[in-house]
Each structure stands twice: as structure tokens, then as C-alpha cells.
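First comes one chain, alone, set out as C-alpha cells in the form predicted alone.
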Amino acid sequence: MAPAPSPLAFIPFVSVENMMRLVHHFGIETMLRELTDAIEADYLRWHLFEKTPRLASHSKEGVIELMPTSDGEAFAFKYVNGHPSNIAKGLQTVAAFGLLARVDTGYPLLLAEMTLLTALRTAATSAMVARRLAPAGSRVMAMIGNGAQAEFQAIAMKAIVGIEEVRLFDIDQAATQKVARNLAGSGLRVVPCDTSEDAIEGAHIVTTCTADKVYATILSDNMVGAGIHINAIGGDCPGKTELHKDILGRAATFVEFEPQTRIEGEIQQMDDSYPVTEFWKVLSGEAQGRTDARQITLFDSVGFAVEDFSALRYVLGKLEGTEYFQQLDMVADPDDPRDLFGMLQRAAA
């Protein structure tokens, strides 16, 4: 008889099904608020984290990326892709999974789907920044690009910032209709719009979230008036932007990790002297956020590994006392750590 696996061989795995059950159990707005606070707490420990631009493998179809980081006690990485052409094939543009591990032993602590979790953490990060940078009393949001991320963004801005109305635009009207259906009953006034100009009329927060890997002008300079916050979160990579560069010339721009954003963000259009502020400095008091009501603030978000670290650690904490995970036999852990071959032999008995 093969020996029973060591207890250390098992780690919790959160499948897509269980991630959905977890969200419904606690409530999406509750999870978004708590996840926002968890990400902010880790931004306040920014100096503890290993920081490097993500490792990207580009192809003509899209990109596959690995996003690692560690705070010295735990290590996390995310596998994620971005393939805009997948939509035409009936596939997700983004698919992801992630792992959290102990630094002292290297043993994993959690394996989890991160397609849903990335949508949640991206929305939570956007809201974390907007509650510091958006104009006081912001109540109207424009959502330009109504794909898989749109509803999460709107609900997070409602739960964390207090948004009451979301104005929708997408070149695909079916996408806008989808978001409007999904947000019915959310407590938000939902206004489908025929143009992006209509969508941003009266908006205090403008979120752009498009996927095509090309230079595009989702917002032109003449569309952007004073006193708004722009949340540019579309699928980022070298050669892909959403905003006209003249907007950046008028905006105070905030980023996650500058070396990565210089490669992938809106600021790739600007020269190296273009000033940006890493957002953790606003939270720590080392830099100012919004300085006056008429200022244009821009969060040039490309996503960063610390946010995924926060999300994985948050989910691990939420699993306690629930059944929303499976135990996977993931680690070969023989009684005698030198006798891996012997464990293999005994498995045939």
C-alpha cells in the first residue's frame, strides 16, 4: 500500500466555482471594500516588497505574463494572459491563476483562480486611488469600454467612492446592453450612451477599459475638461494606449510602479522626463494627491504584482471556516526528505 501523503503536501485550491461561492457568501460590495483596504495596507508597506516589471512573452495574438513579488515572509506570483482576439473565438480576453507561498520553506500556501479575482482586485485598486484623487463629492462615473471588467469597476466605485450614476459607452452596443442588464438592481443609475462624448458629459470619474493592443484615442484632448479623475485601466502593453498624449500634458499622473508603467502605460507616449508620482507616496504622505478642484488627475494603471499578492493573501484569510476550497496534494513531502525515490517506489506496492 502506498504511504498516505504528508499533511504538508496539501494546500487549499480555490476554483472558479468556489471563488464565485465565496463572493456570494460575503457579498461583492463587502469583498470589494475589504479588498480595497487590504491593497491599501500593502501599499503602505511598499518598501518591503520586491518590485520588478512583469515578465512578458509577446506574440502577434497577445501576451502571456508572470507577475511575482515578495514581502520577505510570503511570495506570490500570477500567471495572466491578454488576447483581445479571443472574444471573436468565444473565449475570455484574460485568464489567470495565482499562487501564494511561504518564503521560509518555499512551500505553497494557496493556489487560486485569478480571472475573477483579478477583476475584483483591479476594481478595488481603481477605487482605492479614486477615493484619494477624485474630486470631492464625485457621484457620476463614465465607463468607456464595456467588457468583462466594467461591472466590477462600477460596483467598486459605488461601494468605495459613493458613485450614484454610471454612464456607459462601447463601440459594441451589445456590450453596453450587457452591462446595463447586469447592473440592474445594483442601486446605480445606469445611462447607456451613443458616443464617448455623451458618456463623459457631467462625469467626475472617467474610466477607460479597452482591450485592443494598438495605439488608440479613446479620449481626445478636447473631450477632457477641468476637475475630473481619469482611470486608465485598459489592457496595457508596449504599443497600446487609450489617451491622447495632450491629455497627459495637462494632467497630474499617478502610477503603480514607474519602471513598468513607462513600458506599458499611457506614459510610454511621453519622454523620460515626464513627471509621475507612484501612488504609494500619496498614501504615505510623501507626495500630494489632488491639489485643487479643477485639477485633472490621471491614474495610469497597468496592474502590479503587489495587488495580486494582497488579493491572494486576502482570499486565504477568507477561507477559514468555509468550505469554498479543495485540498490538493501538491507537494512531494516524504517522511525522509532525502528519500524521494523511496516514496516513489513504495507507491507501486
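Here the structure is a predicted model, which means the values were calculated and not measured. Note that residue numbering follows the sequence shown and begins at 1.
In what follows, reference is made to the form predicted together with another copy of the chain, a form of this protein that is not presented.
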{"property": "Options 130-138, 245-253, 274-282, 94-102; stretch whose heavy atom lies within 4.5 Å of another copy of the chain in the predicted bound form", "result": "94-102"}
{"property": "Proximity to another copy of the chain in the predicted bound form, single hit among 30, 52, 322, 288 (heavy atom within 4.5 Å)", "result": "52"}
{"property": "4.5 Å heavy atom contact, residue 172 and another copy of the chain in the predicted bound form", "result": "yes"}
{"property": "Contact label in the predicted bound form: residue 47 to another copy of the chain, heavy atom within 4.5 Å", "result": "no"}
{"property": "Another copy of the chain contact at residue 152 in the predicted bound form, heavy atom, 4.5 Å", "result": "yes"}
{"property": "In the predicted bound form, residue 159 touching another copy of the chain (heavy atom, 4.5 Å)", "result": "no"}
{"property": "259, 299 and 314 all contacting another copy of the chain in the predicted bound form, non-hydrogen atom within 4.5 Å", "result": "no"}
{"property": "Interface residues of 49-75 toward another copy of the chain, as seen in the predicted bound form [heavy atoms, 4.5 Å]", "result": "50, 52, 55, 57, 58, 59, 61, 64, 66, 68, 70, 75"}
